[in-house]
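Take a look at this single chain, the form predicted on its own, given in structure tokens.
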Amino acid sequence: MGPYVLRRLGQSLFTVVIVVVSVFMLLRLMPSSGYFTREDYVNMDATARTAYLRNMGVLDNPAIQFGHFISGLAKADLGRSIAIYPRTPVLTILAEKAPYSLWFGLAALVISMGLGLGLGVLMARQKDKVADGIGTVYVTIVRAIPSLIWLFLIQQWVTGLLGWPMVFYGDRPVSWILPTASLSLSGIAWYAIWLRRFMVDEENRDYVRFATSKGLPRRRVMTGHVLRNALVPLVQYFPQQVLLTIAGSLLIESIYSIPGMGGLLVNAIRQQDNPIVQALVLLYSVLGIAGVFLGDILMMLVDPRIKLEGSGGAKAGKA
């Protein structure tokens, strides 16, 4: 187990290095106007702008800039906002925005898992029946139609019907319901369709036929064997989804004006606030890589069929 974990950790760290270098280089290709506030850019002449950029170190050799960048990351210094919150440390901004994304994300995750897994079990147990058909229609609509369309329709229809606010207000709990529900819809469909698929696959296994032939009740076979084994592949994605809740949803937070991380990234890109864009892209990437790493380790722990080789690799053993 130890060699495998170390190997996966090394691969994850190498990926993080690639992401850091890529983000650094791509941001240096952005227009230099992203390092000025609008007022400064308009009021400065070309000479003043050059002097300003040189003072910031933007005109230094890329290797020197990268060294300063890595040094800042080591000190948890992500720079300062330029356009959105001028001269405010990016870390302070993220600390202010993260709780909104975290709480909405966790609430949506709980709802998605609860309703999605329940719907998936119902669809598998009622395969090719009414419940399965209704669930399939729901999953098809959510996954096939661009999310912006049905999210906009939900916002317009529900707010008009129930008189709820169209945007988020921190002091009005009723305005929290629709964003949370909207954030849950895709997750419900994802959990439902994949759990149904894995359960149907498990039902065709030899061990299920053997258990049924011994006279075990169908409910016991479905719960004690089929459902338990069907949940194993989903476990791999759970850490990634939990970690990415802090990053927020770009679409939902923008639609409902939630002051979280997702809306901040959209706004930063729109206003070319390079330090914030750089910090958020790195955060999204690192959280995703960490989620994949933890998912692999969790998968290894919960699936007894995975065997570890002496060289540190992992392979699926015989069921």
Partner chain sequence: MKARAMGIAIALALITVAAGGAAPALDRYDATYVAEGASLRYFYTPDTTDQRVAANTQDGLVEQDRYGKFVPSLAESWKASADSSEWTFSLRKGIMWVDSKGQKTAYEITADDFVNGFRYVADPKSGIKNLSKDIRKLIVGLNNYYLDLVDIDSGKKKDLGRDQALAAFDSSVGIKALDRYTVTYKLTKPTPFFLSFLVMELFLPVEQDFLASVGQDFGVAKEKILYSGAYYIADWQRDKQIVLKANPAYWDAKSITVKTVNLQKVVNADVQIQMFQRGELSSASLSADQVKALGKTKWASYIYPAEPSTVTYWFDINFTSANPEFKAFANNLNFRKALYYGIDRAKLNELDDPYQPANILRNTVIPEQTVFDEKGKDYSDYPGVKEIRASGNHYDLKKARDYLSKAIADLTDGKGGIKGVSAATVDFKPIAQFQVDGKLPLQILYVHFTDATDTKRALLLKAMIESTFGKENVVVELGQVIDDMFAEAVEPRRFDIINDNFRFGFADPSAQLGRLITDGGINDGMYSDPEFDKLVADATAKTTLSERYAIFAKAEALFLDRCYVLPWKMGGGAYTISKVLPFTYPRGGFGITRFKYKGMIVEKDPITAARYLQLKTAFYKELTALTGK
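None of the values given here were measured: they were computed from a predicted structure. If you superpose the two forms and keep the largest set of C-alpha atoms that fall within 1.5 Å, you have the rigid core. Residue numbers count along the first chain shown, from 1.
Below: the form predicted in complex with the partner chain, not depicted.
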Checked Pro173, Gly224, Pro86, Gly133 for heavy atoms within 4.5 Å of the partner chain in the predicted complex; positive is Pro86
For the interface check, one of 234-242, 115-123, 184-192, 152-160 should have non-hydrogen atoms within 4.5 Å of the partner chain in the predicted complex; which one?
152-160
For Ala279, is any heavy atom within 4.5 Å of the partner chain in the predicted complex, or not?
no
Can you work out whether Asn61 and the partner chain are in contact in the predicted complex, taking contact to mean some heavy atom pair no more than 4.5 Å apart?
no
Can you tell me if Gly79 lies within 4.5 angstroms of the partner chain in the predicted complex, counting non-hydrogen atoms only?
no
If we define contact as a non-hydrogen atom of the residue within 4.5 angstroms of the partner, is Tyr138 a contact of the partner chain in the predicted complex?
no
In the predicted complex: members of 43-59 within 4.5 Å of the partner chain, any heavy atom
Asn43, Met44, Asp45, Thr47, Ala48, Ala51, Tyr52, Arg54, Asn55
Tell me, please, whether between the shown form and the other one the C-alpha of Gly118 is shifted by 2 Å or more, with the rigid core used for superposition.
no
Aligning on the core only, does the CA of Ile193 end up 2 angstroms or more away between the shown form and the other one?
no
If you line up the core, does Ile276 shift 2 angstroms or more at its C-alpha between the shown form and the other one?
yes
